[in-house]
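Single chain ahead, by itself, as structure tokens, in the form predicted on its own.
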Amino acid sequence: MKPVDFAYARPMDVTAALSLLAEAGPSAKVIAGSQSLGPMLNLRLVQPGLVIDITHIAELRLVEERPDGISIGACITHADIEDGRVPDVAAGALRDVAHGIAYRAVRNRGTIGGSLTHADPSADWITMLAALGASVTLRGAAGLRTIPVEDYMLGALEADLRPGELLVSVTVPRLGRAARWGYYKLCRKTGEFAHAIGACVVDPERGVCRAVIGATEARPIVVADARHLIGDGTQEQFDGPAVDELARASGMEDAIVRQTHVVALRRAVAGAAHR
């Protein structure tokens, strides 16, 4: 199957892209790496009147490192991060997660902004960036707004992107020297979407202890203060029954599914303990 006919535009700056979005309204779709929208077009799951290609907008490829973190343009690819073209202020977490996304061909084209906006619960970035306390910056006719990554995802395949807005960058805090992180996902085979994801970040210098259960049916389960679940990030302090109860209270009714997610988080914490 092939896409229905649509108009195509390639703006060269964010202002032009926003103008096109405003003119076309709901019939417009933004495309970057095309790793999510491309298959949906081919299957005719979406039938836009206009496709706006933002891959040639230089502003969306900018990377700005600051003392407290880094701002990553929305069109930075997974491969850019994997190959070290983006400084990793998260003690290797960004490169590690990027390396584990799908296959190299996908990582060469797929973008961090596209992944977040597609809002697939089983995708990697939404879970790990939520654990890191990252945020996204959106630009529209009303100006800029910045929101935490976990709030950007409203539900499965639904992001908090208002009409006429464009995600322009992702900001990741810099981890302290004593910080530890863990990330683990359960997949049947390499390259496919995860069935369960666990992520944690323990950063004593900033008083951060976050845990996230990802690959749920909707938004990831984010625990901003996870000391009661993972203690100081050592496996010995991991409270499996409490994690199971958290998952159950969040709507995960199947006991086997809950146990899979408990194991994923347990293994993430084990990974953090050995860093």
Ligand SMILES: Cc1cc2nc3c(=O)[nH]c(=O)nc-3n(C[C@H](O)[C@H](O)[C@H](O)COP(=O)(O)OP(=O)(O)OC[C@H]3O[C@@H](n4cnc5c(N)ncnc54)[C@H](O)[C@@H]3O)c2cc1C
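Everything numeric here is computed off the predicted structure, so don't read it as measured data. When you see a residue number, it is the position in the sequence shown, counting from 1.
The same protein has a further form, the form predicted in complex with this ligand, not shown here; the description that follows concerns it.
A residue is said to contact a partner when one of its heavy atoms sits within 4.5 Å of a partner heavy atom; residue 155 fails this definition for this ligand in the predicted complex, lying far away. Not displayed here, this ligand is approached by residue 33 to within 4.5 Å at the level of heavy atoms in the predicted complex. The shortest heavy atom separation between residue 151 and this ligand in the predicted complex exceeds 4.5 Å.
Contact annotation: residue 199 falls outside 4.5 Å of this ligand in the predicted complex, judged by heavy atom distances. Using a 4.5 Å cut-off to this ligand in the predicted complex, not one of 93, 180 and 216 places a heavy atom inside that distance. Residue in contact with this ligand in the predicted complex (any heavy atom within 4.5 Å), chosen from 134, 175, 123, 86: 123. Residues 185, 191, 192, 193 of 176-197 are found to place at least one heavy atom within 4.5 Å of this ligand in the predicted complex.
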